[in-house]
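A single chain comes next, written as structure tokens; it is the form predicted on its own.
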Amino acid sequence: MSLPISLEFFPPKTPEGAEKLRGVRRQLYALQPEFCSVTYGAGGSTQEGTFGTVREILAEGVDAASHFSCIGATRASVREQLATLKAMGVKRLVALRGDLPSGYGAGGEFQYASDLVAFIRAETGSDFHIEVAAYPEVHPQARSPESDLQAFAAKVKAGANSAITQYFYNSDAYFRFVDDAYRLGADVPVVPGIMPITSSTQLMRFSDACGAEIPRWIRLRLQSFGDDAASIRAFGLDVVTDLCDQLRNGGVPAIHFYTMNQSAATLEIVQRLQPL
């Protein structure tokens, strides 16, 4: 497969969810992912579940990347977690500032993701491949597009190897972001993050929360389908496959799928893109 892909999962909350995710992973491993990443809850609230899922993926013979957020963390706690991950055989981290848990005051010894990246590099040298987040449509808490680009460049300067974007549905936003970042010297590979569309209500909720833009024409088409799940799924497959095709034709280094612990949509999109 000429264009590498990677997959993201979240740690399941129940034994039933864990068993279901094992089946999903077995199906998706047919795509030969370069790695699978596992998300991390606000303030590290899912750390045990994250690390447990990472262990399972490694045991299944696939490279696993642990999300790693620093908000509310101390240098001592991060040092300890890095040692745990290294002992597990993890070679790749997704370094994030992360969100504070609700009701949690400001705290911790890291203010920005770039601080975390610099600390990981200082502590572990080149032991880890460090991914960071990129926001083609601007981070929702950024003061301006320019300050957001500067924050991204700071993460790269601190030692990031590559980046994965927030999901988007406008390929122009991605290509513009990459061009602008390169002009600032942030010339690491920027991998587009792709969110399959399987539920319009879920997509609207996520997008409102994370600041991802849903183009008006997509939003209106989804609304027009009402509760017609089959039409939403068919439309979503067409839209996201076309987006991936545009990105592939534009020369992206890889594609990262936000699977939401489901396999069907990602498998279908990659099948439609063959040969990817």
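For every residue, the number given is its place in the sequence shown, counted from 1. Being a predicted model, the structure only gives us computed values, none of them experimental.
From this point on, the text means the form predicted together with a small molecule, which you will not see here.
A.B. asks: How about residue 39 - does it come within 4.5 Å of the small molecule in the model of the complex, if we only consider non-hydrogen atoms?
C.D. replies: Within the cut-off, so yes.
A.B. asks: Give a yes/no on whether residue 171 approaches the small molecule to within 4.5 Å in the model of the complex, heavy atoms considered.
C.D. replies: Taking the distances in the model of the complex, the answer for residue 171 is no, it never comes within 4.5 Å of the small molecule.
A.B. asks: Is there any non-hydrogen atom of residue 198 lying within 4.5 Å of the small molecule in the model of the complex?
C.D. replies: No, residue 198 sits far enough from the small molecule in the model of the complex that none of its heavy atoms falls within 4.5 Å.
A.B. asks: Give a yes/no on whether residue 142 approaches the small molecule to within 4.5 Å in the model of the complex, heavy atoms considered.
C.D. replies: Judged by the heavy-atom cut-off of 4.5 Å, residue 142 is in contact with the small molecule in the model of the complex.
A.B. asks: Counting non-hydrogen atoms within 4.5 angstroms of the small molecule in the model of the complex, say which of 82, 186, 73, 96 makes the cut.
C.D. replies: Only one option qualifies, and that one is 96.
A.B. asks: Which pick from 158, 151, 203, 120 sits with a heavy atom within 4.5 Å of the small molecule in the model of the complex?
C.D. replies: Among 158, 151, 203, 120, a heavy atom within 4.5 Å of the small molecule in the model of the complex occurs only for 151.
A.B. asks: Flag this candidate site as yes only if 5, 25 and 267 all have a heavy atom within 4.5 Å of the small molecule in the model of the complex; otherwise mark no.
C.D. replies: The answer is no: none of the three residues contacts the partner (heavy atom, 4.5 Å cut-off).
A.B. asks: Which of these stretches, 178-186, 120-128, 74-82, 88-96, has heavy atoms within 4.5 Å of the small molecule in the model of the complex?
C.D. replies: Contact-bearing stretch, as computed: 88-96.
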